[in-house]
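One chain follows as structure tokens, the form predicted alone.
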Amino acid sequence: MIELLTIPGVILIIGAVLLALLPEKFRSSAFLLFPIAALAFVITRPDGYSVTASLGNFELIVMEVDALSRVFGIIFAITAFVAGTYAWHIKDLGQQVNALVYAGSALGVTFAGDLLTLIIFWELMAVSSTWLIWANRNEASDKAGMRYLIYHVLGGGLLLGGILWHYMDTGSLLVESLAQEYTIGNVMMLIGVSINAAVIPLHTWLADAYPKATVTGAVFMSAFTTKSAVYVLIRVFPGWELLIWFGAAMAIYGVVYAVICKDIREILAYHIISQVGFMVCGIGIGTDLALNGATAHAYSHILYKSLLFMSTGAVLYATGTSKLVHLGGLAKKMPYVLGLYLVGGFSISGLPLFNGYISKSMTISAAGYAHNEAAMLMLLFASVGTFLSVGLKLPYYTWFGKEDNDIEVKPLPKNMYIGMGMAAFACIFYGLYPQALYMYLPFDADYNPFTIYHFVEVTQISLMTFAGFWLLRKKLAGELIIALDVDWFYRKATPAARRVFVHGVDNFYDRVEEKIWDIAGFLTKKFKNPMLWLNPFTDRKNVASRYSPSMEVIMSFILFTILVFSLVYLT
């Protein structure tokens, strides 16, 4: 029992329960203690350590530690602490509790050794993260939260269905690598996980929901949902070649929308799809170097993407808007936020001395070493779009571009600067000292990012992208637009789907109910005096109350038989 309480995910969930019991003035400080405790257990538990428990006839492995789960556990715990620091000024109990449950659930997924434990934490993650969208308390967040929940209930249902099918086929519930066999169970699990990974065309929940979450909620969401799905893909589906092309397509698709969109948080949301595409592509390649690349890039991405969401969230907090058309000229009013944002922007762009440089190139190189030149070129093209959209367009039209913007800027709480500072420090630290990350990578593959060829390649691409942006910058200026995505088809089909699957089903059951009442009325009338139709020659005045005792016994026996038959049939 004591061992269960030392599981990192359980520590955070217990912490969420305790937060609800604490006075408001202690909650923010107490929040930070639980990620530290979880991180301590993640680091100190040796490889092979496991905790088991029983659920009915099932023996569950509720915690199992190896190199892969450890590296994801470390970054999840660190991010919970950094995001908690950024959100220290928040006094909303609902957000605090659900943020901690959300982080704990992601850790629970990471260390789950069996599929039942995994699906429990998976669903808990979906519910708690939905709260962080609804907590914005406006009509747009209400609708986006509901769409987000529907998507993830669907994904969780498919994953659970696949797990049950897989168990019937194999008798195993272990979280382990699956052979590339497209059985019904495997396909259901793959689609269920792909929804959380925002694999196109199952991605629209992400760009819809993240920009509408609370300022601090979006920081947590940028770290956990897609990356826990990436972890499961690495663990269960490594080397599934279909993922190469879905990943490469995601990398380009996301970055194209990031160039088109004009809302700073929507740009970052689409860019998550692009960056997760690098990881999915690496998982599909499946070599040791590619899987290390996917793992390392997930680690780096969590750091710089949370930094980017924190700094754009700071702009939204200070100005009240996230639309590029209303922003611009903030460089003098928010210089520190600009500097911190640029650390994240340069990191995601893969520029030298930042952490994106030491992880993104690993996946691209793995595609080259695997002689998959098409995938490698697609990832390189996506890298150009990344620097163009997040490294140049977003900061230029947010902090520069206008000299006369009189928009009012509200002071930021100090804890927001501290949270951003910690994430920025980590981005630079790992960029300068990559061995601090490489030593935790789970697969045996050496990689040196500091080669002259790599440095020259990145420098050339960056300079050409900057030149292109400068020439076309007026075309990329902020304006009020709605970027249509594939969810347009879903929404257009909604009225017809509602007519068929809601009104149609409802009308069907109404008709059935009416018929049942008609039949019941008919039978009641007929059985009021059954001798009238059982014996057409009987006296019409022979009412039921005047039946002989033997006739009453016979009728009772018939009714009792019908009752027993009905009960046996229905059960």
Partner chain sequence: MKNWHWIILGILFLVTLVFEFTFLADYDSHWWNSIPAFYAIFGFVSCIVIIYFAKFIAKNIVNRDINYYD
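Quantities reported herein were computed from a predicted structural model and do not represent experimental measurements. Numbering follows the first chain given and starts at 1.
Although not depicted, the form predicted together with the partner chain is the subject of the following passage.
Enquirer: Sort through Phe469, Trp399, Tyr438, Phe246 and report the residue having a heavy atom within 4.5 Å of the partner chain in the model of the complex.
Expert: None of the other options qualify; the answer is Phe469.
Enquirer: Out of Val409, Leu432, Val153, Val256, which one falls within 4.5 Å of the partner chain in the model of the complex, going by heavy atoms?
Expert: By the 4.5 Å heavy-atom cutoff, the listed residue in contact is Val256.
Enquirer: Within 4.5 angstroms, counting heavy atoms, which one of the listed stretches 171-179, 294-302, 88-96, 363-371 is next to the partner chain in the model of the complex?
Expert: In the other structure, the partner sits against 363-371.
Enquirer: I'd like to know if Asn405 sits close to the partner chain in the model of the complex, meaning any non-hydrogen atom pair within 4.5 angstroms.
Expert: Answer no; every heavy atom of Asn405 is more than 4.5 Å from the partner chain in the model of the complex.
Enquirer: With heavy atoms only and a cut-off of 4.5 Å, decide whether Tyr453 touches the partner chain in the model of the complex.
Expert: Yes, Tyr453 sits close enough to the partner chain in the model of the complex that at least one of its heavy atoms falls within 4.5 Å.
Enquirer: In the model of the complex, does Thr319 have a heavy atom within 4.5 Å of the partner chain?
Expert: Contact check for Thr319: no, nothing within 4.5 Å of the partner chain in the model of the complex.
Enquirer: Give a yes or no for Leu484: in the model of the complex, does one of its heavy atoms lie within 4.5 Å of a heavy atom belonging to the partner chain?
Expert: Heavy-atom contact with the partner chain at 4.5 Å: present for Leu484.
Enquirer: Enumerate the residues of 373-399 that have a non-hydrogen atom within 4.5 Å of the partner chain in the model of the complex, in sequence order, or give none.
Expert: Contacting residues: Glu373, Met376, Leu377, Leu380, Phe381, Val384, Gly385, Leu388.
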